[in-house]
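Below you will find one chain, with nothing else, as structure tokens; this is the form predicted on its own, and questions on how it binds or moves follow later.
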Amino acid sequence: MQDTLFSFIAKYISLTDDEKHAILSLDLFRAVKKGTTLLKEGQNSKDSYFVLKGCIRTHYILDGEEKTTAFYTEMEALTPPCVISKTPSEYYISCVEDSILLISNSDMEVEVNRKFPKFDIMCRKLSEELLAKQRIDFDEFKTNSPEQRYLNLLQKRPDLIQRVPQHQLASFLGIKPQSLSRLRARILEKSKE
């Protein structure tokens, strides 16, 4: 797993052997079982997550119903807003699959960035990429029909169709599971014409 991480980092910055050893000495790697809740609504946290293997999701519980807002898979990072605002979390983070995560906390990141300033550069680049991606995703969600959202998902993240339970996928798309089933049937019918 460390090779996977270092290959990812190499896209942004080059690391010396000392820097690699410093990262490994932090003991950041965690194997987490499917169904594990990493963060609950109302909980305070300093933890950020980087998915090396597996899938995690963010969701709210509104009127007793789960509303999935995002999925994070291999080589994707998540710093919950509560870490930055230092307020209780407004949502949940849970594992959709057995996962291997790199879990760091804000205190640790400050120390690493102080010792190795180039990590700060990498974090800034990652943040900029993530912000741009989230902006595009949000705009597409607001402007597209459920069918177009599903087609976009098929095009951009087809792995999620197989990896994520249908009720979570439907919630992510902003529709009910029954509507997702009808939508899939309609798309399949169109493809046969």
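Small disclaimer: the values here were computed from a predicted structure and weren't measured. Residue numbers here begin at 1 and follow the sequence given.
From this point on, the text means the form predicted in complex with another copy of the chain, which you will not see here.
- Three-residue candidate spot 69, 91 and 137; every residue lies within 4.5 angstroms of another copy of the chain in the predicted bound form by at least one non-hydrogen atom.
- Contact annotation: another copy of the chain lies within 4.5 Å of heavy atoms from the stretch 54 to 62 in the predicted bound form, the single such stretch among 54 to 62, 25 to 33, 158 to 166, 39 to 47.
- Put simply, residue 113 is close to another copy of the chain in the predicted bound form: some heavy atom of it is within 4.5 Å.
- Another copy of the chain is not shown here, but in the predicted bound form it comes within 4.5 Å of a heavy atom of residue 109.
- When contacts are judged by a 4.5 Å heavy atom cut-off, residue 177 does not count as touching another copy of the chain in the predicted bound form.
- Within 4.5 Å of any heavy atom of another copy of the chain in the predicted bound form lies no heavy atom of residue 74.
- In sequence order, 109, 113, 120, 121, 123, 124, 127, 128, 129, 130, 131, 132, 134, 135, 136, 137, 138, 139, 141, 142, 143 are the residues of 108 to 144 having a heavy atom within 4.5 Å of another copy of the chain in the predicted bound form; the partner itself is omitted from this view.
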